[in-house]
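Below sits a lone chain in structure tokens, taken as the form predicted alone.
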């Protein structure tokens, strides 16, 4: 946390150029395929979108995907011989029509139609969401989007782009471009706006940009360095970290600017706020000597420490009871997912320099930044640690991911 914040403070002023243009798609490398002990499912090859459905289920860490060639013809006997518990069969035309079959009974447990959509991959993501929810009882989060920052070009003359794409890295669009870094994107609860940090005024400030129109507004005090925006659940406010008498404290500001009020007042650095419900803010603070997670009320007061395992925990991302965080151990940092109710924890990342976790809205997957050696990449891991993929760009580094809420 401290390393990231200090790096932020060293950046000089930038010129931000709002734009909406195509960007390079992220490439996918599968580190682990699927959960060997997961629900055994086969997706019939009924069209190009079947592969998208299969890939979505694969990265959830809850399914063991069976090669459809092992169940040729998709007859009940062939499916049982292949070891499938469920099968997805259907047809693809302008719409996507499919059934989810319980192989044991031979009966459909759901029949669905996904209407035509200009982005055909979204049809497949919606289908995967339905299959996921029908089997697990948890709402699917494949039909969502991610935001991230791309940095390309020579070290002293890089171009930084704020990019929005489908959750699997396809259909990327550049939302803003800068000659100096932009960082810390945060989705509004309705998925229509992004808050982020920019230096275009000569100091770090928080801006909100409308994704449809490209219009933007500053929401932080131009006289104070402000970082780490996070939207309140009702979309009316942002929690931010503001330079305050030599340190950083947590403030809440109106989503249209104004009404800024102080929430914390410590002698350390308080940063990286995240909302955990309508009246609780989780943040990172080094007030005890090393960064740890703390929580407070949205009106201030009642502060308490939240993380206790490990000497360094930072950068919370929250969905329901699941809290993803950066845990540093010696010279390495990894992503840990903690259940806030049971306090059970699991390390889900596999690198040595993993950072900036962004949890899916259903809490079942975590997107994060990782150092793959020559350049920064993104990775997505299932919360049970059983599936893992790398998303990388051939054009440069990608970093600072943010996972959108559910889409309409």
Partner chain sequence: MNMKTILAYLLVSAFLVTGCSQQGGNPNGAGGAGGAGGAGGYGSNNGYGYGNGGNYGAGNGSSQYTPADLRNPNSVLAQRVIYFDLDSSNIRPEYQSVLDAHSSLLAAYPNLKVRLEGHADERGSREYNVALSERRGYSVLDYMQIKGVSSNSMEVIGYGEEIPAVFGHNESAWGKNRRVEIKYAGE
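Remember, predicted model here, so these are calculated numbers, not experimental data. Numbering follows the first chain given and starts at 1.
Although not depicted, the form predicted together with its partner chain is the subject of the following passage.
- Although the partner is absent from the chain shown here, none of 135, 278 and 317 has a heavy atom within 4.5 Å of its partner chain in the predicted complex.
- Contact annotation: residue 220 falls outside 4.5 Å of its partner chain in the predicted complex, judged by heavy atom distances.
- Using a 4.5 Å cutoff between non-hydrogen atoms, residue 187 does not count as a contact of its partner chain in the predicted complex.
- Heavy atoms of residue 76 never reach within 4.5 Å of its partner chain in the predicted complex, leaving it off the interface.
- Under a 4.5 angstroms non-hydrogen atom cutoff, its partner chain in the predicted complex has residue 353 among its neighbouring residues.
- Comparing 114-122, 86-94, 265-273, 296-304 against its partner chain in the predicted complex, the single stretch with non-hydrogen atoms within 4.5 angstroms of it is 265-273.
- Residue 328 is the only one of 328, 232, 144, 209 with a heavy atom lying within 4.5 Å of its partner chain in the predicted complex.
- Residues of 155-175 lying near its partner chain in the predicted complex, listed in sequence order, are 155, 156, 158, 160, the criterion being any heavy atom within 4.5 Å.
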